[in-house]
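Okay, so here's just one chain, in structure tokens, the form predicted on its own.
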């Protein structure tokens, strides 16, 4: 692995722009938890978001698609840019609680004497954040050779991520919360049919607050892009909640025109 890693890092330093990277927050909703996909480095305790450097002859969006596919095996995700992280103190070797992490990481894999690579990776870092919303049950992520495993972990239970990437996840959630007031929640986070209680729980997790049931349902149904289906099968038909789905034509109109929702 060490030789492969040396070759990989050298190739990155030749093909990519120094100090310009991408980090991707891939979010899904499962068991009433909002989760993000993270990877564990081989032989390390640290976890990381999928990320990488932008190639010299590559568009930013093209780079994001490539990096996600290379790191996770996932294809054709709808990635949306949400923030640029450009602190003057941000480099792989100047990350507050992570000083010296680059040195220790390179030495572990036998690269401590390669000053050229150390200099390349130590440059000031500007990172472009992208996020994607997916249905977890439909995704089959694969592990990049530099990682030993991957997991969907609740955003509320994330460990300390590599080089302060918890801030990347936090910013992605802040962006999504703002967007919820202007656009409907992504249908990628919900099953094909769902109850109003399930929809409310998702909104509460995304917004980080409790919502009044009656007000929430009134405002949601007033948006007029939900179709009421049969009742959910439970022990009592009278008390069973209705199942809802999206009217695709009206949903797409709402995405384009906005909804102006206050919750």
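For clarity, every value in this text was computed on a predicted model and none was experimentally measured. Numbering follows the first chain given and starts at 1.
One more form of this protein exists, namely the form predicted together with another copy of the chain; it is left out here, but the text below deals with it.
K.L.:
For the chain seen here without its partner, which of 119-127, 185-193, 70-78, 141-149 has a heavy atom within 4.5 Å of another copy of the chain in the model of the complex?
P.N.:
Result of the contact check: 119-127.
K.L.:
Identify, from the list 9, 243, 254, 20, the residue with a heavy atom within 4.5 Å of another copy of the chain in the model of the complex.
P.N.:
Looking at the other structure, the residue within range turns out to be 20.
K.L.:
Looking at 232, 55, 66, 42 here, can you tell me which has any non-hydrogen atom within 4.5 angstroms of another copy of the chain in the model of the complex?
P.N.:
Only one option qualifies, and that one is 55.
K.L.:
Evaluate residue 204 for contact with another copy of the chain in the model of the complex, applying a 4.5 angstroms cut-off between non-hydrogen atoms, and reply yes or no.
P.N.:
Answer no; every heavy atom of residue 204 is more than 4.5 Å from another copy of the chain in the model of the complex.
K.L.:
Under a 4.5 Å heavy atom criterion, is residue 60 part of the interface with another copy of the chain in the model of the complex?
P.N.:
Judged by the heavy-atom cut-off of 4.5 Å, residue 60 is in contact with another copy of the chain in the model of the complex.
K.L.:
Do residue 154 and another copy of the chain share at least one heavy atom pair within 4.5 Å in the model of the complex?
P.N.:
The answer is no: residue 154 has no heavy atom within 4.5 Å of another copy of the chain.
K.L.:
Test of understanding: in the model of the complex, would residue 159 fall inside 4.5 Å of another copy of the chain by heavy atoms?
P.N.:
No.
K.L.:
Which residues from 176-208 come close to another copy of the chain in the model of the complex, meaning a heavy atom within 4.5 Å?
P.N.:
Going through 176-208 in order - heavy atoms within 4.5 Å of another copy of the chain in the model of the complex - the hits are 178, 179, 182.
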